[in-house]
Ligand SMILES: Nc1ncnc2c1ncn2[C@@H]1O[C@H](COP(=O)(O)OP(=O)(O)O)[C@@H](O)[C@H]1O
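First, one chain by itself: the form predicted alone, in structure tokens.
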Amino acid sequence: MHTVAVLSLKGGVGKTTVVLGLASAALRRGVRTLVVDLDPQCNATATLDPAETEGTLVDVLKNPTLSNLRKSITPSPWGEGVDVLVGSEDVETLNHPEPGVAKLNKLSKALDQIDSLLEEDETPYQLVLLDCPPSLGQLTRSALVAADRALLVTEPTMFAVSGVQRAFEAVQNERREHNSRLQPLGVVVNRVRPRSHEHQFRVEELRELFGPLVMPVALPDRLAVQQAQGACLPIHQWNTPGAREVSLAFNLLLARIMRASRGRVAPTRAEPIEEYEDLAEEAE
């Protein structure tokens, strides 16, 4: 099982959009996925549109038992293979600024048990996506303790670039202090307009700062993303030219995640998009 924390320490950069796009690509490829909605805004839960549950993430973080997990995880109507650990606005009450080790480990303890919820003939989860809030309290730090990889999301703007620098430092700190297996998967640049000189400048700035950690594929700024989310549908089912362009980008991004999760750590050189095209085609 590959567990990926998706984070940014600046709000509004499309972090949840990336989680939902990856879940959509995983659904198309047949990768069984669990989305864990740690953001008190609960946008991932709202878009995945699950049925009402007896429990939520709040119950799981207070007491990570199998019983609470069973009450809080449910299938998404998106299709078989995408489940949700349902979020709640009340999870903000657990977002302590200085949590102790016991609090930080509760999400990890819960995720260690999720395969026990499945029937003997059910496919185990292959991908867990942790949608983090845009703050560095207990919720985001718990995700970094539980994750194998951290995917940083940014936009090509000055303040967003600053936010991703702080997020990268947070990943490195958590790796040193609590989770030695955690690796920065990379930086994905969202809502890019190729004809914008400012966007191109910021993308180059990111490459200077993070080198090959900047993903070779950026996510284009397309209205189809908001339209699909408003309709509570996977982007791969929103049949417009813009949606198809974004879907291909998410296919490529998922392919890179799955390849990295098979044992590769952070890249040591810039890798062209072509290396991932064969894997991306499998998801179409």
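Nothing here was measured: the structure is a model prediction, and the numbers come from that model. One rule holds for the numbers: they count along the sequence shown, beginning at 1.
Below: the form predicted in complex with this ligand, not depicted.
Partner proximity in the model of the complex, defined as non-hydrogen atoms within 4.5 angstroms of this ligand, places exactly one of 89-97, 186-194, 169-177, 121-129 at the interface: 186-194. Comment: this ligand is not present in this chain, but in the model of the complex one of Q237, N43, T53, T65 has a heavy atom within 4.5 Å of it, namely N43. For the residues A249, V58, L27, V225, the 4.5 Å heavy atom test against this ligand in the model of the complex is passed only by V225. For E245, no non-hydrogen atom is located within 4.5 Å of this ligand in the model of the complex, even though that partner is not displayed. Within 4.5 Å of any heavy atom of this ligand in the model of the complex lies no heavy atom of D49.
Shown alone here, P220 lies within 4.5 Å of this ligand in the model of the complex, counting heavy atoms only. Applying a 4.5 Å heavy atom cutoff to this ligand in the model of the complex picks out no residue from 146-173.
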